Ligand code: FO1
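One chain follows as structure tokens, the form predicted alone.
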Amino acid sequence: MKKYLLLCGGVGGAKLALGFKNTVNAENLGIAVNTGDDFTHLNLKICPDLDTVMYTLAGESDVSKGWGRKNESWNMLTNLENLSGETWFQLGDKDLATHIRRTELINLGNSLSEATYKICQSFGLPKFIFPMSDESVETYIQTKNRLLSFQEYFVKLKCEPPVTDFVFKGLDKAKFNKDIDLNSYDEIIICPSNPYVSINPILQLSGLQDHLIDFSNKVSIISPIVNAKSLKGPTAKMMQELGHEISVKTIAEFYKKYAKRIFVDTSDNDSASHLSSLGYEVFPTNLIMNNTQSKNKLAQEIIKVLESN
């Protein structure tokens, strides 16, 4: 079997990553996760996308929310609110333990990759989840009136301010994770995550961008847009505010220098000829992942196509 590297954001990417984890052997899988939305809160290192992927693959995620841990309690947050502390970012008690342990490991001199591996071990996961970089990259959202940190925009303001642009601070000093040997992977898959804020920070990293352009024949996109709607999060809203059509065509244009294959939902079959004209091989399938069976099935269908190429 081929080796697969997934470029992954939070919820949508984690769903597909779970399908791959359930389908291929761990040694054939690598998952590079966006860390552009990491931030420090209450003096703790918070890595939302990394944790969503880790909890999902460990069977510990709160499926109803799409983030955080299952069977969570909220004693700390309730008491912090009673003390007039900041509670806009939801930290459950079990989730809090992850952030405390990560911060402790980093303060002891571990890199983010090392800390991630040690925490994953505690959840019984092998070494296949990697932060996109060990250097800090911070995603900011440019709105009409001001520049917002990603979590301020996404959580505190609930994605309400209209978006005009994106800023990634630290990209000039950041490199793609050195623990990921790109040449060892036969296929690279861009997960159905937000292209602007979940995938673009990964794509811009030194060491990855040129590889994707040079080897675009081994890169596949899984569309996060189905029938003019985002599968999860503010992708469609951002597209509209940036003046783009909400469609798989916009997704294909965004990634066209990086990839040669695109998987679209069967409801978007009418776009196939346009995508082909952009140089893509187009593979229609069911992209809706609303249970474990559908996550596994999508992963299996992608693998079936790529193993035959």
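What you see is a predicted model, and the numbers here were worked out from it, not measured in a lab. The numbering used is simple: start at 1 and walk along the sequence shown.
Another form exists, predicted in complex with the named molecule; not displayed. Remarks below refer to it.
- In summary, the region of this chain contacting the named molecule in the model of the complex, judged by heavy atoms within 4.5 Å and restricted to 179-187, 123-131, 215-223, 154-162, corresponds to 154-162.
- Of the heavy atoms in residue 67, some are within 4.5 Å of the named molecule in the model of the complex.
- Put simply, residue 111 is far from the named molecule in the model of the complex: not one heavy atom of it is within 4.5 Å.
- At the 4.5 Å threshold, heavy atoms of residue 89 reach the named molecule in the model of the complex.
- Contact check for residue 95: a non-hydrogen atom falls within 4.5 Å of the named molecule in the model of the complex.
- Residue-level contacts in the model of the complex: of 150, 117, 168, 196, one residue has a heavy atom within 4.5 Å of the named molecule, and it is 150.
- Applying a 4.5 Å heavy atom cutoff to the named molecule in the model of the complex picks out no residue from 213-247.
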